[in-house]
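Before any questions on binding or motion, here is one chain by itself as structure tokens, the form predicted on its own.
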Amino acid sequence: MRRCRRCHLPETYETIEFDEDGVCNICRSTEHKKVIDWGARKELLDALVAKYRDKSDYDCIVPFSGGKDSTFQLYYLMKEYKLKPLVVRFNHGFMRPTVRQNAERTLKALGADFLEFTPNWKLVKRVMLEAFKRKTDFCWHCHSGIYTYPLQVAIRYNVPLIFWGEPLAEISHYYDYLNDEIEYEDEAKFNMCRNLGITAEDMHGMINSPEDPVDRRDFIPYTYPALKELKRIQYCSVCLGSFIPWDYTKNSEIIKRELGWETDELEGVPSEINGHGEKIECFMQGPRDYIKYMKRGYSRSTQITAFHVRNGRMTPEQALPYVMNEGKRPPSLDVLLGYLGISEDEFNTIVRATEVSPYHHDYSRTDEAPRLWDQDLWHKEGGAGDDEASRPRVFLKVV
């Protein structure tokens, strides 16, 4: 496969293009990030905060998983602007223990009101399977819910300002720094980049049947609010990373120092390249990254080292061994198969049909990634350890 000469992202990466020097558009966009007038952007943020401060019971909504990005955005807004936020979490069902502890520590340290919503698990399992069969992405409920539910709360509490964290310009070319524009989280972006092209109404129609009916109301948490309702509160939904330069490593160091935020293992990724705690909040991240490797021939290690190369923390030569050594089967795949109710052969058949040329996956590979320290603590179903031995126990965490 052709890869970026600088960051090693391959030609199968979504939205990638290469210039005459063999450097990808994500790298070129990051170069432009360095010449953006961030002082002027900060003044825009000052004005935005001043416009919405003290206009309702809360100054803003902060969607929050407890991962590095949402923790930093909450910390920054409360420390820099003394805002009173309503912190909102859509619980996708796969929260890991360390992230739960991080969230509790953060909320107590900062002193913020917190609202958490956990959707119907039986419905979640049905939409996971449907989305996987159609898109080889079992996370439709998460992709949709984490963006729709906070907006619904904003309407309910009449809080128009919603702050998200990282801009998409950091990771794809759907949006980039070259246009020098503020990145809004609106319905157009939701339908293009977030919900796999499947609305809540679509998904209801896909899984509802006379034999196994689904209550339409169960899809309300996944439904993007009507524009007239958003206009009524004069909503403004923006990425904080459009106003201040977003740096995963620096942000992570700040929340570790100021909030005691802790990182964790990430399945299939060597810990020495993930000191900033990428994607540690979800215990299904291993299978997600494995599917990506089976389809496109790259995985999380390539994405992480690409960040480090673009930010001058690693050379392309130092990154290459990690790129070449990824793609191992995650032990957590057994847990996912239990949720989906399918065999690994059925899983492989579905993924094989969506391979992105020119990559072709070698299904004879048998190497397996190390098991995460907390896997025995997770909920399991369908014979994937749903027995006495799998019930919660206390384990030593080794990071």
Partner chain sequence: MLKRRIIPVLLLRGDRVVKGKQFTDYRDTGNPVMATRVYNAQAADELLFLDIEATVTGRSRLAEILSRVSEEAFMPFAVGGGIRTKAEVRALIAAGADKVVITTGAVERPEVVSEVAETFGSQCVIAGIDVRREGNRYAVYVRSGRVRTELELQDHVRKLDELGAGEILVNSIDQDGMMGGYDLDMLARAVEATNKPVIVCGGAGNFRHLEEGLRAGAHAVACASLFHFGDNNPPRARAYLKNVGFPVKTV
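Since this is a predicted model, take the numbers as computed values, not measurements. Numbering follows the first chain given and starts at 1.
Separately, the form predicted together with the partner chain exists; it is not shown, and the next lines address it.
Not displayed here, the partner chain is kept clear of residue 80 by more than 4.5 Å at the level of heavy atoms in the predicted complex.
By the criterion of a heavy atom within 4.5 Å, residue 324 is excluded from the residues contacting the partner chain in the predicted complex. Residue contact check for residue 245: none of its heavy atoms lie within 4.5 Å of the partner chain in the predicted complex.
Mapping the unseen interface onto this chain, residue 199 counts among the residues with a heavy atom inside 4.5 Å of the partner chain in the predicted complex. A single residue from the set 256, 92, 89, 295 has any heavy atom within 4.5 angstroms of the partner chain in the predicted complex; that residue is 295. Contact with the partner chain in the predicted complex, defined as a heavy atom within 4.5 Å, holds for exactly one of 170, 187, 265, 278, namely 187. In summary, the region of this chain contacting the partner chain in the predicted complex, judged by heavy atoms within 4.5 Å and restricted to 188-196, 268-276, 100-108, 305-313, corresponds to 188-196.
Contacts between stretch 1-28 and the partner chain, counted in the predicted complex as any heavy atom lying within 4.5 Å, involve 2, 14, 15, 16, 17, 18, listed in sequence order.
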